[in-house]
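Coming up is one lone chain in C-alpha coordinates, specifically the form predicted on its own.
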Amino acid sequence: MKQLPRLLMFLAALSLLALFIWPMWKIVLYAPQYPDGVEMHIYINKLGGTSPGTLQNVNILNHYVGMKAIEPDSIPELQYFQYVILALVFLGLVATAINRRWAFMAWLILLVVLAIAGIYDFYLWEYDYGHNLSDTAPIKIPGASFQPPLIGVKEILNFTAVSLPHWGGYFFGLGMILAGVASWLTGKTRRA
(Lines give C-alpha, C1' and ligand atoms only; values in the text may rest on other atoms or scores of the structure.)
Protein backbone atom coordinates (compact mmCIF):
# COMPACT_ATOMS: atom_id res chain seq x y z
CA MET A 1 0.00 0.00 0.00
CA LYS A 2 2.92 2.33 0.71
CA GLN A 3 4.18 2.19 -2.88
CA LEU A 4 0.74 2.69 -4.45
CA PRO A 5 0.93 6.53 -4.52
CA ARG A 6 4.32 6.36 -6.24
CA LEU A 7 2.97 3.88 -8.81
CA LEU A 8 -0.07 6.09 -9.47
CA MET A 9 2.15 9.15 -9.91
CA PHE A 10 4.37 7.21 -12.31
CA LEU A 11 1.31 6.19 -14.34
CA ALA A 12 0.01 9.78 -14.23
CA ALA A 13 3.23 11.07 -15.78
CA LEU A 14 3.30 8.34 -18.44
CA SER A 15 -0.37 8.87 -19.33
CA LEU A 16 0.60 12.16 -21.00
CA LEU A 17 2.59 10.21 -23.58
CA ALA A 18 -0.75 9.13 -25.06
CA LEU A 19 -0.85 12.62 -26.60
CA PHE A 20 1.90 11.47 -28.97
CA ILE A 21 -0.30 8.60 -30.17
CA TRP A 22 -3.87 9.90 -30.21
CA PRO A 23 -5.40 13.31 -30.89
CA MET A 24 -6.16 15.47 -27.87
CA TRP A 25 -9.30 17.00 -29.39
CA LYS A 26 -11.78 16.50 -32.21
CA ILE A 27 -14.28 18.70 -33.97
CA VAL A 28 -16.93 17.00 -36.09
CA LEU A 29 -19.15 18.83 -38.58
CA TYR A 30 -22.43 17.15 -39.52
CA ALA A 31 -24.68 18.37 -42.32
CA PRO A 32 -27.16 16.85 -44.79
CA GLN A 33 -24.36 16.55 -47.35
CA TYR A 34 -22.06 15.03 -44.67
CA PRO A 35 -24.29 12.61 -42.71
CA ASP A 36 -21.22 10.75 -41.36
CA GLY A 37 -19.56 14.05 -40.46
CA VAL A 38 -16.26 15.67 -41.33
CA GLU A 39 -14.04 14.87 -38.33
CA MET A 40 -10.99 17.03 -37.68
CA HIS A 41 -8.40 15.84 -35.15
CA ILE A 42 -6.14 18.15 -33.18
CA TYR A 43 -2.89 16.51 -32.10
CA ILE A 44 -0.17 18.15 -30.01
CA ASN A 45 1.94 18.73 -33.13
CA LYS A 46 -0.35 18.47 -36.16
CA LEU A 47 -3.90 18.61 -37.47
CA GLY A 48 -5.61 15.75 -39.26
CA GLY A 49 -8.82 13.84 -39.47
CA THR A 50 -10.50 10.58 -40.28
CA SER A 51 -9.32 10.87 -43.89
CA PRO A 52 -6.27 12.45 -45.54
CA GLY A 53 -8.38 15.22 -47.11
CA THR A 54 -10.17 16.30 -43.92
CA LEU A 55 -8.33 19.59 -43.46
CA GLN A 56 -8.77 20.45 -47.13
CA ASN A 57 -12.52 19.73 -46.90
CA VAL A 58 -12.86 21.91 -43.78
CA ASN A 59 -10.99 24.73 -45.50
CA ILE A 60 -13.24 24.49 -48.57
CA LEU A 61 -16.36 24.67 -46.39
CA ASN A 62 -14.97 27.59 -44.40
CA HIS A 63 -14.04 29.53 -47.53
CA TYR A 64 -17.70 29.96 -48.46
CA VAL A 65 -18.48 31.95 -45.31
CA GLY A 66 -15.17 33.85 -45.27
CA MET A 67 -13.30 31.98 -42.56
CA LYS A 68 -9.51 31.84 -42.79
CA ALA A 69 -7.92 28.66 -44.06
CA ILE A 70 -6.54 26.47 -41.28
CA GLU A 71 -2.81 26.27 -41.90
CA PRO A 72 -0.98 24.09 -39.36
CA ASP A 73 2.34 25.90 -39.96
CA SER A 74 0.76 29.17 -38.78
CA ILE A 75 -0.29 27.71 -35.41
CA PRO A 76 2.71 28.17 -33.08
CA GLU A 77 1.30 25.84 -30.41
CA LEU A 78 1.73 22.90 -32.80
CA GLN A 79 5.45 23.70 -32.96
CA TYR A 80 6.19 23.76 -29.22
CA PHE A 81 3.39 21.92 -27.38
CA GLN A 82 5.09 18.54 -27.76
CA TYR A 83 8.06 19.90 -25.77
CA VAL A 84 5.75 21.18 -23.03
CA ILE A 85 4.27 17.67 -22.75
CA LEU A 86 7.72 16.06 -22.61
CA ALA A 87 8.70 18.53 -19.85
CA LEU A 88 5.53 17.63 -17.93
CA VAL A 89 6.31 13.92 -18.24
CA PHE A 90 9.85 14.56 -16.97
CA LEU A 91 8.59 16.64 -14.03
CA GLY A 92 6.04 13.93 -13.25
CA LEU A 93 8.84 11.37 -13.11
CA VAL A 94 10.83 13.70 -10.83
CA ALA A 95 7.77 13.96 -8.56
CA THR A 96 7.56 10.15 -8.60
CA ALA A 97 11.21 9.92 -7.48
CA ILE A 98 10.66 12.50 -4.71
CA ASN A 99 7.57 10.55 -3.58
CA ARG A 100 6.15 13.33 -1.40
CA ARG A 101 2.67 14.77 -1.32
CA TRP A 102 3.89 18.31 -2.07
CA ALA A 103 5.64 17.08 -5.23
CA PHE A 104 2.52 15.27 -6.43
CA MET A 105 0.36 18.33 -5.69
CA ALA A 106 2.80 20.71 -7.38
CA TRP A 107 2.73 18.58 -10.54
CA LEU A 108 -1.05 18.33 -10.45
CA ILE A 109 -1.43 22.10 -9.99
CA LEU A 110 0.97 22.71 -12.89
CA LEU A 111 -1.04 20.31 -15.04
CA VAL A 112 -4.34 22.01 -14.16
CA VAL A 113 -2.93 25.51 -14.80
CA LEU A 114 -1.53 24.45 -18.19
CA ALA A 115 -4.82 22.74 -19.10
CA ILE A 116 -6.77 25.92 -18.27
CA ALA A 117 -4.29 28.04 -20.24
CA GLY A 118 -4.51 25.62 -23.18
CA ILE A 119 -8.32 25.64 -23.20
CA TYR A 120 -8.35 29.45 -23.01
CA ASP A 121 -5.84 29.64 -25.88
CA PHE A 122 -8.02 27.26 -27.91
CA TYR A 123 -11.07 29.44 -27.19
CA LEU A 124 -9.22 32.56 -28.41
CA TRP A 125 -8.16 30.76 -31.58
CA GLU A 126 -11.73 29.59 -32.21
CA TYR A 127 -13.10 33.07 -31.54
CA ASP A 128 -10.73 34.68 -34.03
CA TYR A 129 -11.35 31.90 -36.52
CA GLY A 130 -15.15 32.22 -36.32
CA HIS A 131 -15.50 36.01 -36.09
CA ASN A 132 -12.83 37.53 -38.36
CA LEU A 133 -14.48 36.83 -41.68
CA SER A 134 -13.39 37.93 -45.14
CA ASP A 135 -15.36 40.71 -46.81
CA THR A 136 -15.07 38.83 -50.11
CA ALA A 137 -16.82 35.65 -48.88
CA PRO A 138 -19.25 34.08 -51.37
CA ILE A 139 -21.87 33.73 -48.61
CA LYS A 140 -22.42 36.72 -46.33
CA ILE A 141 -24.76 36.65 -43.37
CA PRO A 142 -24.76 39.99 -41.51
CA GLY A 143 -23.95 39.63 -37.82
CA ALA A 144 -23.24 35.91 -38.09
CA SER A 145 -20.27 34.22 -36.49
CA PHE A 146 -19.10 30.71 -37.17
CA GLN A 147 -17.15 29.97 -34.01
CA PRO A 148 -17.25 26.24 -33.23
CA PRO A 149 -18.16 25.31 -29.66
CA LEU A 150 -15.32 25.10 -27.17
CA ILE A 151 -16.87 21.89 -25.88
CA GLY A 152 -20.23 20.40 -26.72
CA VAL A 153 -22.64 20.88 -29.63
CA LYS A 154 -23.58 24.01 -31.58
CA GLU A 155 -25.74 24.63 -34.64
CA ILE A 156 -23.94 26.73 -37.26
CA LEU A 157 -26.16 27.35 -40.30
CA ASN A 158 -27.01 23.89 -41.65
CA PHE A 159 -24.10 22.29 -39.76
CA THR A 160 -24.04 20.71 -36.34
CA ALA A 161 -20.57 21.21 -34.84
CA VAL A 162 -19.45 18.87 -32.08
CA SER A 163 -16.27 19.64 -30.13
CA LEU A 164 -14.98 17.09 -27.61
CA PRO A 165 -11.76 15.67 -26.20
CA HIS A 166 -10.31 12.70 -28.08
CA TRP A 167 -8.36 9.78 -26.61
CA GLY A 168 -5.23 11.84 -25.92
CA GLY A 169 -7.32 14.41 -24.04
CA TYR A 170 -8.94 11.72 -21.94
CA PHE A 171 -5.51 10.33 -21.00
CA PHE A 172 -4.46 13.87 -20.02
CA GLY A 173 -7.49 13.98 -17.71
CA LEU A 174 -6.61 10.53 -16.39
CA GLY A 175 -3.16 11.87 -15.50
CA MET A 176 -4.81 14.56 -13.38
CA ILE A 177 -7.02 12.03 -11.60
CA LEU A 178 -4.12 9.64 -10.92
CA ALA A 179 -1.95 12.46 -9.56
CA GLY A 180 -4.81 13.64 -7.34
CA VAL A 181 -5.37 10.16 -5.95
CA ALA A 182 -1.60 9.69 -5.43
CA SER A 183 -1.46 12.96 -3.50
CA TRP A 184 -4.48 12.05 -1.39
CA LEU A 185 -3.13 8.58 -0.62
CA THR A 186 0.30 9.99 0.27
CA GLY A 187 -1.28 12.36 2.76
CA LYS A 188 -3.36 9.54 4.19
CA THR A 189 -0.47 7.07 4.59
CA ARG A 190 1.81 9.70 6.15
CA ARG A 191 -0.85 10.46 8.82
CA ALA A 192 -1.43 6.76 9.56
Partner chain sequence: MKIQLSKLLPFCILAAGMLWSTSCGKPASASKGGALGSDAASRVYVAPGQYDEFYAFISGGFSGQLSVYGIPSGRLLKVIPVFSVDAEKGYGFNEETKPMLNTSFGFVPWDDAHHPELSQTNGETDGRWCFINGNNTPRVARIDLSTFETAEIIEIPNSGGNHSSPFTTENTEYVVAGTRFGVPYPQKDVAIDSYAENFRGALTYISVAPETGHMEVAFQVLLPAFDYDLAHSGKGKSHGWTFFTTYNTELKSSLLEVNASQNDKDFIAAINWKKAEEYIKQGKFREMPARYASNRYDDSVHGATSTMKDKVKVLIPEECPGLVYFLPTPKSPHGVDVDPTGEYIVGNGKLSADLTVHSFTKMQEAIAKQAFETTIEGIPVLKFDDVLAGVVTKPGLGPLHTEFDGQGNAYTTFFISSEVVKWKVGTWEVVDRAPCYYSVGHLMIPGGDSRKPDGKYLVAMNKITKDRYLPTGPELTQSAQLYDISGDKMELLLDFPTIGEPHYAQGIAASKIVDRSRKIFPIEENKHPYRAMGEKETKVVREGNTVHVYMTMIRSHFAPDNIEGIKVGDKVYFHLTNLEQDWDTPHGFSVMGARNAEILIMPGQTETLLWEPQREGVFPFYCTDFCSALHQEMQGYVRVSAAGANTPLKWKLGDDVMQ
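Because the structure is a prediction, the values reported are computed rather than measured. Residue numbers count along the first chain shown, from 1.
There is also a form predicted together with the partner chain; it is not shown, and the following applies to it.
- Only one of 160-168, 56-64, 146-154, 42-50 places residue heavy atoms within 4.5 angstroms of the partner chain in the model of the complex, namely 56-64.
- Although the partner is absent here, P138 sits close enough that one of its heavy atoms falls within 4.5 Å of the partner chain in the model of the complex.
- Within 4.5 Å of some heavy atom of the partner chain in the model of the complex lies at least one heavy atom of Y34.
- Contacts between 106-132 and the partner chain, taken as any heavy atom within 4.5 Å in the model of the complex, involve no residue at all.
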